[in-house]
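Read the single chain below, which is given as structure tokens and is the form predicted alone.
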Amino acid sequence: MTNYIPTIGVEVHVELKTKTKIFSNSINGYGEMANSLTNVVDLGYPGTLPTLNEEVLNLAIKAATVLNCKIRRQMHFDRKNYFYPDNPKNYQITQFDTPIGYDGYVEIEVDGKTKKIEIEEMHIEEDTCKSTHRGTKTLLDFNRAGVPLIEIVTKPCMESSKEAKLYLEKLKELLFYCDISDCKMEEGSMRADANVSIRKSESDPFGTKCEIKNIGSISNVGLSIEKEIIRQQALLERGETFKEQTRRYDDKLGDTVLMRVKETGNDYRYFPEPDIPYLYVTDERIERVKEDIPMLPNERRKKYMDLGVSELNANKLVQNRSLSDYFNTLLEEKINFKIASNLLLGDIAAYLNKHEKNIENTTLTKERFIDLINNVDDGTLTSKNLKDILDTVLDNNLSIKEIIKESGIKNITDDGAIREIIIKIINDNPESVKDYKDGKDRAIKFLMGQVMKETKGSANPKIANEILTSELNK
């Protein structure tokens, strides 16, 4: 079979995290009773007038900034005219001629190399209401009508499903960290369409494009692209041609399914929205918005690793916004950040998951956490001690010193005392010592186990391991 070159572009609709809708004062919410978050503007009553929500403009500027887009200083809204039950006005207010952001990019890491995924444009628009099909009937929920969206359109610059998934993961991460959207694909607040075509060589024109609509997860974006590439390859190998078409990804079939063939281009008869004045974005507004942008994920990763946190832990922290924000409160302190990250991502994360809590809902203040880190760092607390007292640390306001005292923890921190115990264990286990000398790794684990057993877990494991290794190498 001929090796074809895929060409992929992605369009993403993202619901903005505003209190009210884009052109009305209805609450922007999810999961409420159908048609309870609506008013006459959302329902498309004749004679109603839209009023632009200023926060939508600010969030769009923030998104354009973090996506490295140029920001248009003068813009207007357009009417996109089409007839469908979910669109009672028979038009959608969007931006066609003057998208707020353009010529941007997002950087991804692919197989150790950095690649820029180019963003052609980013525009603001309103969402339609939600259609639910039951038998021969269609039910309409106008809670979603008028929810503010940004649509982010890439250039056809991706060549694999892997690149598309990495782009979406990075996009989701950036928008979530900037509080632009909650990016919950399972709730529809982030929806992706993929445009896929293939060709034999770089010098050939682009092949016939197929659009895969409303894909519900990042993993399914990857699967749908792969299935579409295989489908198009099979057609071309058989010498068949096909028209541009719209497809959807079917979870149950694990494949793309035809929705409609595009016989002609859509004529939406765009024209400037007459009921909304032109917008003029000032440098002062842009600067105010930029000041509200928090430390972004890549900056956090670099900062954490510069402080001694492993790459694995740095990535895990960034994946958990709540823990990452908490960790950021410590960045100016003089502590062992490796221990801090291990504690947060280990026993503390396990406690939070078990009790379905965020760290903000515990009693672990910054000051108490610093005390905890220092007590682990100097050997006052072992990993076993920590497991024994963690619930108390996170559930009440006692100082770490008081908790240690009440728990009766008395660890052996004297190097000389630990060394005496280790020498005795070495003398009592000559076979294990021989195994260690012969390069058998399990031997030192056994001997460390004997040390912890002899000290009833009260020896600092790090100190004990260093002394044991030193004695064995003599």
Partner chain sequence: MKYLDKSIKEINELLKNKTIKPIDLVEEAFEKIEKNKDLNAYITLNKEQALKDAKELENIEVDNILFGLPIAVKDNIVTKDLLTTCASHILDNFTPIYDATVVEKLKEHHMIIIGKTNMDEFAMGSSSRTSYFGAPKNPWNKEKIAGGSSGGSATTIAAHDVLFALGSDTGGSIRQPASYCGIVGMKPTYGRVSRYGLVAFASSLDQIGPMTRNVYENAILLNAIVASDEKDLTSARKEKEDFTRLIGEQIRGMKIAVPNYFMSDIVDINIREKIEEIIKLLEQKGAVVDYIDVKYLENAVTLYQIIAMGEASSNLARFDGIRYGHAKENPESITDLYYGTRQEGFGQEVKRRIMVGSYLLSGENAKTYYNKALSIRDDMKKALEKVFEKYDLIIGPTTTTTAYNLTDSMDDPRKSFMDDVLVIPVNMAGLPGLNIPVGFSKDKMPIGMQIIGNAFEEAKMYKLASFIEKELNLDLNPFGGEKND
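Residue numbers count along the first chain shown, from 1. Just so it is clear, the model here is predicted, and its values are computed rather than measured.
A second form of this protein, the form predicted together with the partner chain, is not displayed here; the remarks below concern that form.
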Counting any non-hydrogen atom inside 4.5 Å, which residue from R368, R300, K316, K89 sits next to the partner chain in the predicted bound form? K89
Of G239, P205, G254, P85, which residue is found within 4.5 angstroms of the partner chain in the predicted bound form when only non-hydrogen atoms are counted? P85
G29: touches the partner chain in the predicted bound form, heavy atom cutoff 4.5 angstroms: no
With heavy atoms only and a cut-off of 4.5 Å, decide whether P272 touches the partner chain in the predicted bound form. yes
Should L43 be counted as a contact of the partner chain in the predicted bound form, where contact means heavy atoms within 4.5 Å? yes
Is there a heavy atom of D283 no more than 4.5 Å from a heavy atom of the partner chain in the predicted bound form? no
So which of 160-168, 284-292, 134-142, 217-225 is the stretch with heavy atoms within 4.5 Å of the partner chain in the predicted bound form? 134-142
